[in-house]
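First comes one chain, alone, set out as structure tokens in the form predicted alone.
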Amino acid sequence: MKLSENNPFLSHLLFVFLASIILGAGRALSIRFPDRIAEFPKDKSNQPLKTAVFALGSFWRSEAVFGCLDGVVRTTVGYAGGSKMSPEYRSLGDHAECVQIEYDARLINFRKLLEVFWSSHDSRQVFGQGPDVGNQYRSIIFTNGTEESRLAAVSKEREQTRSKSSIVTTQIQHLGTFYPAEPEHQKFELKQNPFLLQLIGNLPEEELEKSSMAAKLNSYAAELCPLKMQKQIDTKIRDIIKRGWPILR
């Protein structure tokens, strides 16, 4: 089965259907006919999103760790923590691979993100995670102010208490410049699943990077969504295939 890439109406219908599942739309959905698929849903409160940045090993997996959390709107992989100007993947200098998380503080807070950070990697491993060894894979909590620094320090102390036999190597740094990584590194796990990319209309790189749905499906592709949501998306996608939507013929 293959999605038709030449029928924007059908692509948008399927996008709206998946959005209602994955993003939890609780209101009636209207059909529009834009040249490109608009991001969905929109925040009508005009309340600015908050930003957090963490380094916890390879940023391909790190992005997938956070993308499926309730309240996380957008994820971007990139480089931070070093002094080199305009780092690149093959020339990082002293930067670390990291993930930037844009989130709605009404639905999730920095404390919860810290909990996910600690539970998603081995903070006792020196300059690396699993088979990925090197300075670019070190563990860092980047902070944007005094309160975040305090919360990070408290959480690190708590983690060290739990790890009596090993030293927690995680650094706490004030966030300087965050450099977004090259397009090929964004939503890496999702890009390994062409079928999922087709389900959301084969978005161009700049839209894929900013898409809330892509952030969710990136986690889903890596099997890192909360179990309930992982199963819910599984069920709905199987239902789409079973019904043989015209878009899949």
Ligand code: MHO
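The first residue of the sequence shown is number 1, and the count goes up from there. What you see is a predicted model, and the numbers here were worked out from it, not measured in a lab.
Quick note: we don't show the form predicted together with S-oxymethionine, though the next part is all about it.
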### Task
Using heavy atoms only and a 4.5 Å cut-off, decide whether all three of Q100, F142 and E148 touch S-oxymethionine in the predicted complex.
no
### Query
Does S-oxymethionine come within 4.5 Å of any heavy atom of E115 in the predicted complex?
no
### Query
Applying a 4.5 Å heavy atom distance criterion, does F110 contact S-oxymethionine in the predicted complex?
no
### Message
Can you tell me whether W60 touches S-oxymethionine? I mean in the predicted complex, with a 4.5 angstroms heavy atom cut-off.
### Response
yes
### Query
Is there a heavy atom of T76 lying 4.5 Å or less from a heavy atom of S-oxymethionine in the predicted complex?
no
### Task
Heavy atoms, 4.5 Å, S-oxymethionine in the predicted complex: which of 120 to 128, 155 to 163, 175 to 183, 89 to 97 makes the cut? Say which one.
89 to 97
### Task
Check each residue of 125 to 152 against S-oxymethionine in the predicted complex and list those with a heavy atom within 4.5 Å, in sequence order.
D132, Q136, Y137
